[in-house]
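Starting off, we have a lone chain in the form predicted alone, written out as structure tokens.
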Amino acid sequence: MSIDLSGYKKDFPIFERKVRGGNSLVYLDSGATSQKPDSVIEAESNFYRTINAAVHRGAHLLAEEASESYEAARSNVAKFIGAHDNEVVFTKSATESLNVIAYALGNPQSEVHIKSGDHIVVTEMEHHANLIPWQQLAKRTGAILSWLSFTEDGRIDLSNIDEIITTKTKLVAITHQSNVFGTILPIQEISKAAKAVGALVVLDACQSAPHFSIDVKELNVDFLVFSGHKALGPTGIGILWGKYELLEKLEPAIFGGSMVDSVTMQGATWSSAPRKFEAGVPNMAQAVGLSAAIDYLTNIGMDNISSHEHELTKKLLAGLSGISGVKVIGPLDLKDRGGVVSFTVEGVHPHDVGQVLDQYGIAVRTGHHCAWPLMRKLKLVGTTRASFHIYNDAHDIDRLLSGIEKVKSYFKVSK
């Protein structure tokens, strides 16, 4: 069912400006970072205007109000993903969240940790942020890294899952939705295979949490990360969710104030989760801004957002199929597919496609999308990628399709 969310675009002040040649902005790069509504901008700035103080420090009124707002933001995030408050850790980014998990699991002092000979499983679809930390963990510990591949149409290949996820597998780290293909992976099926051999599951939800409903219990994973800036929230704030009993078994990776119970000149003891993972003065205003973004998304309804993006994806796939020389990289149907569409234009480098589109006010992502192994397997230098959020509409798709025709005309390719 088509959901009209066009009225929400007015909440985003960036769309009031003109870009190249006086064009109105068509922003199709939400997979990289989303735009921010007024309510998020105001929430963050009002923190600075009215209650700016270091949280969990000081006995004065501002410190008390700042701490209350910060912890309220934590509760709001927990509710958003179906978790408990003490399972939500604030970080600076999803990348930091993944690295915190990787370093904790690589610490032999953690009650749960990766050892030499253990197997770590990823997929060939992973963003570098959910690949390199595990490569480094394997390098540090002597673990073995292996991976699930993908099919020609951009879906995960589970035909050999029993050969890849074995009794030696201790960790499976996977993306929820590919930032290149737009494919939504069958997380519960993969989690079931991992749990059957006692492996932990880490889920990269950067491309899913901002676009459709997430429930960590239903997904049956152990850790989940996402970034605020892709979810209409501020930059500089990320989420690390983990089952409380696991967080308590892990050693922290960053040390300093606020994360300790006691300190002597000889040593220190840590606070309970989540505090032991939040050393130093945290990103307080950004957490409050993220909470406002979650309120905004929740008010619209994640199912409505998902339906809206589904219709935009359907329209774009249909339009691209009618342009000669254009090839979609990823599923051509809408089954288990999100609002990310990558494509190539025959005879034109993706960067050139992006630059021409930019002259008409159309912002897309070009390149390898921090997924070099995937691109190498596809034998591509990169793709052009369009990705949606609530402020996009059918008119944006029409302008993109028209822009692609202008790219072809400019470079005189594929009549």
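When you see a residue number, it is the position in the sequence shown, counting from 1. Quantities reported herein were computed from a predicted structural model and do not represent experimental measurements.
Quick note: we don't show the form predicted in complex with a further copy of the same chain, though the next part is all about it.
Looking at His395, you'd find every heavy atom of it more than 4.5 angstroms from a further copy of the same chain in the predicted complex.
The closest non-hydrogen atom of Asp261 lies within 4.5 Å of a further copy of the same chain in the predicted complex. Put simply, Val197 is far from a further copy of the same chain in the predicted complex: not one heavy atom of it is within 4.5 Å.
Looking at Val328, you'd find every heavy atom of it more than 4.5 angstroms from a further copy of the same chain in the predicted complex.
Three-residue candidate spot Phe80, Arg155 and Glu405; no residue lies within 4.5 angstroms of a further copy of the same chain in the predicted complex by any non-hydrogen atom.
Look at 294-302, 156-164, 312-320, 124-132: in the predicted complex, residues with non-hydrogen atoms within 4.5 angstroms of a further copy of the same chain sit in 124-132. Along 17-48, a non-hydrogen atom within 4.5 Å of a further copy of the same chain in the predicted complex is carried by Arg17, Val19, Arg20, Leu25, Tyr27, Asp29, Ala32, Thr33, Ser34, Gln35, Lys36, Asp38, Ile41, Glu42, Glu44, Ser45, Tyr48, in order along the sequence.
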